[in-house]
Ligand SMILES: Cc1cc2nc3c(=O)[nH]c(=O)nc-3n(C[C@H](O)[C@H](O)[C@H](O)COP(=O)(O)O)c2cc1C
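Presented below, as structure tokens, is a lone chain in the form predicted on its own.
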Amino acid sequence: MELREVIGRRRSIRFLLPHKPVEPAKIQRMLEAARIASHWGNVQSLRAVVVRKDSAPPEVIEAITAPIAGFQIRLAPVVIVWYLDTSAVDAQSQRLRELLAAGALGLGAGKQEALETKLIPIFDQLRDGLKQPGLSEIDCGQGIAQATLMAFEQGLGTCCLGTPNTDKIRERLGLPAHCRVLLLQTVGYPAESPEAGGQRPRQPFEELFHLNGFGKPFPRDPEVVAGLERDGLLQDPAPLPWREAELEYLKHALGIKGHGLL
């Protein structure tokens, strides 16, 4: 499957098979994909704790909850707790030196001196600010996105969920106070069809992206759209005709009570 089709076919999979375990090697590949993602200064502040329902302590499982779509967490055989370690910023100077040594940063014979006397002092002045919410979260998102695509490539379904329960989760997992819990990602084998009801609705392209200034929509070429449809990146929009019947089946098969929203 080509990259464009992979991007197009990926869905947030909310219905997972609770009885089917996920192979550790598949989880490792997700983490490996996250590890090599881009991050400013090569700081790599993205971290994770993998919680397996078949082996995690009860107090850990009890803490991992979410007020929205909590049934997904209850059903998922694996939940990855992605978090940001702000202390990684303290090693930013060394990470920059590694980039320079790898040939990924700087030009010419004087680059080593310039790094030490100019660039690193600039980053040192920004260090406290870079620990605050912002750029690092964006880079962590890139890592999580790569892990998500790796999961899809291996036949797994995932869904990212927010939680206000971060203090309790941090406590039960033993995370240091300077770490920020980013999100919970449920992982397992899909119980729903690969189409999962079709490609989800998105806001109009022209309202999202601009050219040379706000309010000037980036032109959307119909030929490019047609090509992406042929490649599988743009697919039939949800809901597909049989989706309600599939949802009714999943509700009974998985014993989901209520409307599946909480």
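Note that the coordinates shown come from a computational prediction; the quantities given were computed from them, not determined experimentally. In this text, residue numbers run from 1 along the sequence as written.
Omitted here: the form predicted in complex with the named molecule. The next part is about that form.
Checking Q72, Q185, S136, Q92 against the named molecule in the predicted bound form, a heavy atom within 4.5 Å turns up for just one residue: Q72. Between the options L96, L84, L161, I169, the residue in contact with the named molecule in the predicted bound form by a heavy atom within 4.5 angstroms is L161. Residue heavy atoms within 4.5 Å of the named molecule in the predicted bound form occur in exactly one stretch of 161-169, 76-84, 109-117, 128-136, and that stretch is 161-169.
In the predicted bound form, the named molecule sits beyond 4.5 Å of every heavy atom of K216. Interface membership of K251, defined by any non-hydrogen atom within 4.5 Å of the named molecule in the predicted bound form, is ruled out. When the named molecule is considered in the predicted bound form, H210 lies well away from it, no heavy atom lying within 4.5 Å. In the predicted bound form, none of the heavy atoms of R243 sits within 4.5 Å of a heavy atom of the named molecule. Applying a 4.5 Å heavy atom cutoff to the named molecule in the predicted bound form picks out no residue from 100-115.
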